[in-house]
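One chain comes next, on its own, written out as structure tokens in the form predicted on its own.
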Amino acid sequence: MSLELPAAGSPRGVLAIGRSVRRVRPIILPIVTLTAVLLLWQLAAVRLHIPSVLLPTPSDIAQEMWHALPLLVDQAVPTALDTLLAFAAAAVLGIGLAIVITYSRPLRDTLYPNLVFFQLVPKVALAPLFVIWLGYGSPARVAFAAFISFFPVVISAALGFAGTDPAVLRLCRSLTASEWRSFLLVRFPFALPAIFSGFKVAMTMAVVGVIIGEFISSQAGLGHYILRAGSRLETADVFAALVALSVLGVALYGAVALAELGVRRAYGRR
């Protein structure tokens, strides 16, 4: 039995090509755009004779990254560890507060306005307080990053828990299911998309919080590397560290997305 592929000019072939293009478009377009921006940047910096101390060319940045790669990897380790610790603390605290807000109206009326108030306070202005309270070590950076990143988890998880289908909850009560069992089997799976949306925002904010903390108090990390390179007017080093930081942020964000896929598949098989 032979397998016949649709001809490229046939309607089926055109539809197949269109589907393939739509499938790869979200990957191809960002790559093409980034490549075009880098080429324009390179041409503009060379043709306009922009000093490298103001704006190094992408080729200079790539060369610097190649030479400083072992050091950048070494500096990325403490940044990644602090970010993961801050994200874990924000996730636990955020989901815990979301559960409290969901099941207790008095506590919701008490806590929610205060959460919104603290969210409106400029976070960078609070960073020195964490240094005063916890010192110049990693605990201050982790606590500050967790503080600025737990709010999206609280809001997203609370909205997810509160948005559970009431008919399904009434069915659980009619079947004499306990509140805890209803939460595990109904509320939590229903809220997973909202929870992981909050996790993705929290991870990006945790990276920002750790970098701010490293600007203020650290002897290692990508934030410290950027600050030191900037003080020496080593602009290519600054850009190289920014690229490394971007790669780290994308990797951590991707880890959250993969975790979401695994958890949702696990609940889907139950």
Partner chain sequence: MALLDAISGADAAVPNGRILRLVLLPLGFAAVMIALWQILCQTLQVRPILLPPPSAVWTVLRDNYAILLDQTLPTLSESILGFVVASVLGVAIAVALTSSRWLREALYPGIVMFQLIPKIALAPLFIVWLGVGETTSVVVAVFIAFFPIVVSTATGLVSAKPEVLQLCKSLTASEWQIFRMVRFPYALPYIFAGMKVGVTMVMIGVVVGEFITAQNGLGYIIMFAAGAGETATVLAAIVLLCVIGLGLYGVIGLAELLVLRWFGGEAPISGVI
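For clarity, every value in this text was computed on a predicted model and none was experimentally measured. Numbering follows the first chain given and starts at 1. C-alpha atoms forming the largest set that superposes within 1.5 Å between two forms make up the rigid core.
Below: the form predicted together with the partner chain, not depicted.
Here the chain stands by itself, but in the predicted bound form one stretch of 188-196, 173-181, 157-165, 87-95, 157-165, has heavy atoms within 4.5 Å of the partner chain.
Though the partner is left out of this view, Leu261 does not reach within 4.5 Å of the partner chain in the predicted bound form, counting heavy atoms only. In the predicted bound form, at least one heavy atom of Gly230 sits within 4.5 Å of the partner chain. Taking non-hydrogen atoms only, Thr204 approaches the partner chain to within 4.5 angstroms in the predicted bound form. Shown alone here, Ala45 lies farther than 4.5 Å from the partner chain in the predicted bound form, counting heavy atoms only. Of the residues in 200-224, those that come within 4.5 Å of the partner chain in the predicted bound form through at least one heavy atom are, in sequence order, Thr204, Met205, Val207, Val208, Ile211, Ile212, Phe215, Ile216.
With the core held fixed, the Cα of Leu233 is displaced between the shown form and the other one by less than 2 Å. After superposition on the rigid core, the Cα of Val53 moves by less than 2 Å between the shown form and the other one. Core-aligned CA deviation for Pro30 between the shown form and the other one: 2 Å or greater.
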